[in-house]
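Single chain ahead, by itself, as structure tokens, in the form predicted on its own.
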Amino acid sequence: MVDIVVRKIVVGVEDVFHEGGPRAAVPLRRGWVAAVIENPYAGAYVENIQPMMDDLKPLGLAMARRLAEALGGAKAVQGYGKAAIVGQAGELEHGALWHAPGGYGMREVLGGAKAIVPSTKKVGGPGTRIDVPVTHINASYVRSHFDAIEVGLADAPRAREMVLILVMTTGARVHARAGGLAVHEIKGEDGLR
């Protein structure tokens, strides 16, 4: 068992009213939550790191709840994604430990969302920014919800830390008009369509 030590949690929310076109009747709300934690594996190669995924599950749930609440509640959420930034004394694989706890935390909070949660990860120092991919929560082929949210913290990650990130949106890109599967056409059988 790994003790998860959190230095801080930060939440950011934005309302997008337009992207140069007509003003949206209801703005798109986009948000993120980031937790800065100690990396217990920094500085040495450890063969078996998988147990930490279970230890991160409570943090994933807590972060997902906090972000959904900031966006108006779970029923308002239509898009999601996740990411990790690993400090320079760690390795990229440490960021992969966030895949299951972050994804399943959001799925549980959002009532069993079906689509795979897109993700990305990288190694970097304080101030490193990362583009977090976003797709629809129930159907990955809903093109109107393909998006990304840039996240970064000025003081993290320090060399022996990780920044764990969840993102959510309340709808399609403002002025989405690139075609593809529409939200009302989702069958919800396989997480794709």
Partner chain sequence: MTQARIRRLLTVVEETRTEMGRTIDPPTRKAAAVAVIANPFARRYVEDLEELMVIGEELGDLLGRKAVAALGVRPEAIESFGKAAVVGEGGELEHAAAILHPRLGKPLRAAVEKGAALVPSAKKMGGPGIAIDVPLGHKDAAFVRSHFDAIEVHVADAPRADEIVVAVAVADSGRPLPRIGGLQKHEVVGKDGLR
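In this text the structure is predicted, and so the values were computed from the model without any measurement. Numbering follows the first chain given and starts at 1.
What comes next is about the form predicted in complex with the partner chain, which is not displayed.
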Q) Counting only non-hydrogen atoms and a 4.5 angstroms cut-off, does residue 92 reach the partner chain in the model of the complex? A) yes
Q) With the cut-off set at 4.5 Å between non-hydrogen atoms, does residue 143 touch the partner chain in the model of the complex? A) yes
**Q.** Residue contact check: residue 106 to the partner chain in the model of the complex, 4.5 Å heavy atom
**A.** no
**Q.** Proximity of residue 44 to the partner chain in the model of the complex, heavy atoms at 4.5 Å
**A.** yes
Q: Would you check whether the partner chain, in the model of the complex, lies within 4.5 angstroms of a non-hydrogen atom from each of 68, 75 and 187?
A: no
Q | The unique member of 153, 130, 61, 37 whose heavy atoms fall within 4.5 Å of the partner chain in the model of the complex | A | 130
Q. Mind listing which residues of 109-132 have a heavy atom within 4.5 Å of the partner chain in the model of the complex?
A. 116, 119, 120, 121, 122, 129, 130, 131
